[in-house]
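To begin, one chain is listed below as structure tokens, in the form predicted alone.
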């Protein structure tokens, strides 16, 4: 049985209260957190002690992304979502092959690990290729087997074949400690409603997560309601999609009745403020969601629409937009904002083993350098959390661990040759553009 001990200036536990422990000790045993607290209260230990000149924070959980879109970062700049998908993304993505996706996911995973993001929810084609890259990098992922009918995607098989593949991949990953497989129907406007109902049945039968885009733009929400006479949430409820582990991305154009549907069916939300802002999609009603007890996590969306995978930026922007929407500087506190990317995201993806520094949870954590102007002054421990949200960022993450394994050291990803990964993605991106 392996045991390591880390001592840091402080630890931010990632709980709802925003608890900060000064002169903190973190014990890791076989990839799990065995103990955390102040140094004076630490249990006896006679092994080697690793000192971290900064604070320790939980590994962040990216609740919604299409990370292999590192191949297409920044393409289609300025286009609205429907044209961006149909004119720029889907034609290129139709030419993708598994090796392209593995290469792109490898680079994206390194980018996230350097930002202290240890788990991501991946919605993309070729789920096996995504999982293979994550295994290489040592990260964690919840990989959505795709379900989509779009021009040029016929090589993925029929929707029936995609459903069967999703069930098979989920079964194959059941014993994998780092990868979980769910099903990712793209949206109610790209997947027939009867197939969406089948996907809901499949997810419930196999305890799989079902992850779907919902009401990302005003036009999407309005067109579906005009066609069916129901809003997107009520449409999904009517067709048996809800129930079980459902995670809805974006949820920008929802009214109070829609949010009541989410609360009644315990649907979780992946809030993506930066992508929504960049695409001018709107501002999601975050405060109203939280007030109803809806589980909300933060996602970056893809690097083609964000254009990065830096979840720290989402923390800050989520708080800013919530306050701006409410015209209330207390609409979302620093502790709540940090919770959204840590314990909140873990709860949204139904993973109680992640997102907080707490005994019995996975030893996924990052070391943040606080010897920087961003952390001056600190008059009380709570100031460290405030500075993390409002003035610091991913550039202050020095080291990252996943399951007790150090995967980033002094800002360098130890599991990926990033120079080679960048070169390969450049080459593959150019080929797809041709």
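This is a predicted model, so every value here is computed, not measured. Positions refer to the first chain, counted from 1.
Quick note: we don't show the form predicted in complex with a further copy of the same chain, though the next part is all about it.
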Are any of the heavy atoms in residue 70 no more than 4.5 Å from a heavy atom of a further copy of the same chain in the predicted complex?
yes
Can residue 35 be called a contact residue for a further copy of the same chain in the predicted complex at 4.5 Å between heavy atoms?
no
Spell out, yes or no, whether the shortest heavy atom distance between residue 253 and a further copy of the same chain in the predicted complex is within 4.5 Å.
yes
If you check in the predicted complex, is residue 293 within 4.5 Å of a further copy of the same chain, heavy atoms only?
no
Candidate spot 132, 178 and 356, all three touching a further copy of the same chain in the predicted complex (heavy atom, 4.5 Å)
no
Which one of these stretches, 236-244, 308-316, 179-187, 149-157, sits within 4.5 Å of a further copy of the same chain in the predicted complex when only heavy atoms are counted?
308-316
Of the residues 281, 163, 209, 191, which one places a heavy atom within 4.5 Å of a further copy of the same chain in the predicted complex?
281
Give me the residue from 79, 261, 94, 167 that has a heavy atom within 4.5 Å of a further copy of the same chain in the predicted complex.
79
Taking a further copy of the same chain in the predicted complex, which residues along 147-175 bring a heavy atom to within 4.5 Å of it?
none
